[in-house]
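Here's a solo chain for you in structure tokens, the form predicted on its own.
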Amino acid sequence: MKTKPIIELAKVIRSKNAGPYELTFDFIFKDFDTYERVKNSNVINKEKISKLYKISKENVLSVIAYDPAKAIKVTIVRPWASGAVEETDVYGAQQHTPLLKIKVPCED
């Protein structure tokens, strides 16, 4: 089966703080058909996120599809608290890059 990179299907892929101990990732889609295709493929799931970020599945707190916004939100435990000595991105705004590797099955 052919695949398409998530970056070709999503209008927005971003990361941000979800408090000092969590990061959240948003996938916002261009239209409902694309959103439904990605959601129904279940390609964005705890296992995939844990592999991309090299964290345990337990540290992937949620993967939530929100139909009215044509969006999927993922929340993970931050590796270090926001502002901690080891932290390199206090706002969590530069953590979405691994998500760009996601490929979505497609029929075309």
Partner chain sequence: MKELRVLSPTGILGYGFPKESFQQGLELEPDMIGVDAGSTDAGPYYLGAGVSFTDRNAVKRDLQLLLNAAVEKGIPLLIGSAGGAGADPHLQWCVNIVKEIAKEEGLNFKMATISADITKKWIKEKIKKKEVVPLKPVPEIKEEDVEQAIRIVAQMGVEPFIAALEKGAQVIVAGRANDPDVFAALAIKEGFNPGLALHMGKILECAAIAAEPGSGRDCMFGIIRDDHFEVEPLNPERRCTATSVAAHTLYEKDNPYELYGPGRIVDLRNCTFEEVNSRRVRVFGTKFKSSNDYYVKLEGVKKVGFRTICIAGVKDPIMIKQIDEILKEIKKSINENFDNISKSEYTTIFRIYGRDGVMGKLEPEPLIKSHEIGIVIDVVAKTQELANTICSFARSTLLHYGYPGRIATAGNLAFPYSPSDIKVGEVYEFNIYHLARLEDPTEVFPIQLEEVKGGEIR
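Everything numeric here is computed off the predicted structure, so don't read it as measured data. Positions refer to the first chain, counted from 1.
Keep in mind that the form predicted in complex with its partner chain is not shown, yet the notes after this line are about it.
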| query | finding |
| --- | --- |
| Contact at 22, 62 and 70 by its partner chain in the model of the complex, all three, heavy atom at most 4.5 Å | yes |
| Contact label in the model of the complex: residue 84 to its partner chain, heavy atom within 4.5 Å | yes |
| Contact test in the model of the complex: residue 10 vs its partner chain, heavy atoms, 4.5 Å | no |
| Its partner chain contact at residue 34 in the model of the complex, heavy atom, 4.5 Å | no |
| Residue 75, heavy atom within 4.5 angstroms of its partner chain in the model of the complex | yes |
| Residues in 42-64 close to its partner chain in the model of the complex, defined by a heavy atom within 4.5 Å, in order | 52, 53, 54, 55, 62, 64 |
